[in-house]
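For reference, the chain that follows is the form predicted on its own, supplied as structure tokens.
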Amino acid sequence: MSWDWHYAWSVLPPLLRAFVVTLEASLAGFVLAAILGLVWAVSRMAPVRIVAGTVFWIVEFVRSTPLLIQLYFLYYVLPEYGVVLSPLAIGILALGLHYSCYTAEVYRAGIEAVPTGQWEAARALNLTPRAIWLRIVLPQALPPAVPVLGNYLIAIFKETPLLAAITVMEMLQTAKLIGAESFRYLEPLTITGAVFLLVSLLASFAMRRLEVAHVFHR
């Protein structure tokens, strides 16, 4: 099968529309993972044992089960309990929940890297726990975590084809359907692969620049 430029240009618009869906799922899933991961990380350091222990097992359970199973579970089980969401919303929820358990470890490493003396000095000044976290700990723990979090953004982006399992028309699924209609898979799949490669390389380059900038300003 030879490359047909006319056909490639004709399938480009629907592929780009599907790319927007892929991008929406990636960015929204990452934002959810970043926020929820911070909640998990802080909760695991809670002085109340039952809170810290519960969060520990939640994180370990989610990390130890495949994302695809979590997608199916949320898609088919949530409606049984009256929670009806669109396939895209469920995909975002699954991506955010799954990767929040990885970003939690990134945050935890950053928090544990804050010198013990910083905590002790804050308590000696009689600062409230809220002030300690917001003014002392997180401003030091979050900047080093940003480049690593960027890697998870790229990982989420590359995981979006799994959302096709719950009928989300992301880019790869659209390419497959276009190929099935015309019996030409070369052009749509190649364009899709090229877009994924280009976006991943650009994101990786941006993350490396952030990491270099962080090291330079330390």
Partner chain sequence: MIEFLQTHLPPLVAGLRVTLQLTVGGGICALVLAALAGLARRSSRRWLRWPATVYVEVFRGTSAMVQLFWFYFALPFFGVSLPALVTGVLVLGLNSGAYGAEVVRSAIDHVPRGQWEAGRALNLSDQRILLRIVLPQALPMMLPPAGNLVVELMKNTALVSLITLSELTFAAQVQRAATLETVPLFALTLLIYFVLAQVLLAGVRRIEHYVTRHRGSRA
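Positions refer to the first chain, counted from 1. Computed from a predicted model, the values in this text were never measured in an experiment.
We do not show the form predicted in complex with its partner chain, though everything after this point is about it.
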- request: Although its partner chain is absent from this view, report whether Leu12 comes within 4.5 Å of it in the model of the complex, heavy atoms only.
  value: no
Closest heavy atom of Leu16 to its partner chain in the model of the complex, within 4.5 Å or not?
no
When the contact criterion is heavy atoms within 4.5 Å, does Ser43 count as touching its partner chain in the model of the complex?
no
- Query: Should Pro161 be counted as a contact of its partner chain in the model of the complex, where contact means heavy atoms within 4.5 Å?
  - Reply: yes
In this chain shown alone, the residue from Leu189, Ala52, Val39, Leu27 with a heavy atom within 4.5 Å of its partner chain in the model of the complex is Leu189
When its partner chain is considered in the model of the complex, the residues of 63-100 having a heavy atom within 4.5 Å of it are Arg63, Ser64, Thr65, Pro66, Leu68, Ile69, Gln70, Tyr72, Phe73, Tyr76, Val77, Glu80, Tyr81, His98
